[in-house]
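First, one chain by itself: the form predicted on its own, in structure tokens.
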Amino acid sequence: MFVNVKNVTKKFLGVNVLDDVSFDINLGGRIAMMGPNGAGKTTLIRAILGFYHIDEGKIEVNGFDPIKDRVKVLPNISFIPQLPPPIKISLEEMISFITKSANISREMIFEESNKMDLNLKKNLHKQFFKLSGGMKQKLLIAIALSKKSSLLVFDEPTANLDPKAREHFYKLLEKLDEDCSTLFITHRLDEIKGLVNRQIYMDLGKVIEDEKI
């Protein structure tokens, strides 16, 4: 297995945001994670990424602890947030930083951006935080796909995309390596049903359903 979450509990102000959560992600797994706002989905993802310390249980990514072994865990995961961060640097500076820090090919970022109908060359001088929501999302998707990670995590990845961009995005996902795992936090199961083989439903910090589809 690639990700192992076992009996994980996380509390905020004494309230269980994650309540004894357990599940695995195997290489090649295609998972849709659903549930109402406040169900614990985003908290769980942030714990897997090592952003949060958990109170009880264990999380391992490829055998490593996301907090103690961040330098070994993060190179294997790409995360596309629902709300892009307010990065106040130009696209040229951002791409330069990413290519050096994450060992991603600049040419690959441009190639994946073109597939998403994002003209990077025309916008390199622009500040990332000043781009439209759709342009930000396209660039983050292009960077994630360029990284060739073992696990892609998408938090409502198409929320800011127009119908044509969504179509391009789903076509790119159809071509992913079969060993690459994907985890979608989504309310649009109908759109990604052909891209997933498993459905996890969370509510009140618990996994309520976990089934193959």
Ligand SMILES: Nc1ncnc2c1ncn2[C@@H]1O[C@H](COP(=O)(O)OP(=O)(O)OP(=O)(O)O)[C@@H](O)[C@H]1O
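Because the structure is predicted, anything quoted here is derived from the model rather than measured. The first residue of the shown sequence is 1; numbering continues from there.
A second form of this protein, the form predicted in complex with this ligand, is not displayed here; the remarks below concern that form.
Judged against this ligand in the model of the complex with a 4.5 angstroms heavy atom cut-off, the residues 22, 26 and 59 are out of contact without exception. Looking at 59-67, 158-166, 38-46, 174-182, the stretch with residues near this ligand in the model of the complex, meaning non-hydrogen atoms within 4.5 angstroms, turns out to be 38-46. Between this ligand and the residues 96, 90, 82, 76, the one pair within 4.5 Å by heavy atoms in the model of the complex involves 82. Of the heavy atoms in residue 196, none are within 4.5 Å of this ligand in the model of the complex.
Interface membership of residue 200, defined by any non-hydrogen atom within 4.5 Å of this ligand in the model of the complex, is ruled out. Not displayed here, this ligand is approached by residue 17 to within 4.5 Å at the level of heavy atoms in the model of the complex. Of the heavy atoms in residue 187, some are within 4.5 Å of this ligand in the model of the complex. No residues of 94-127 lie near this ligand in the model of the complex, the criterion being any heavy atom within 4.5 Å.
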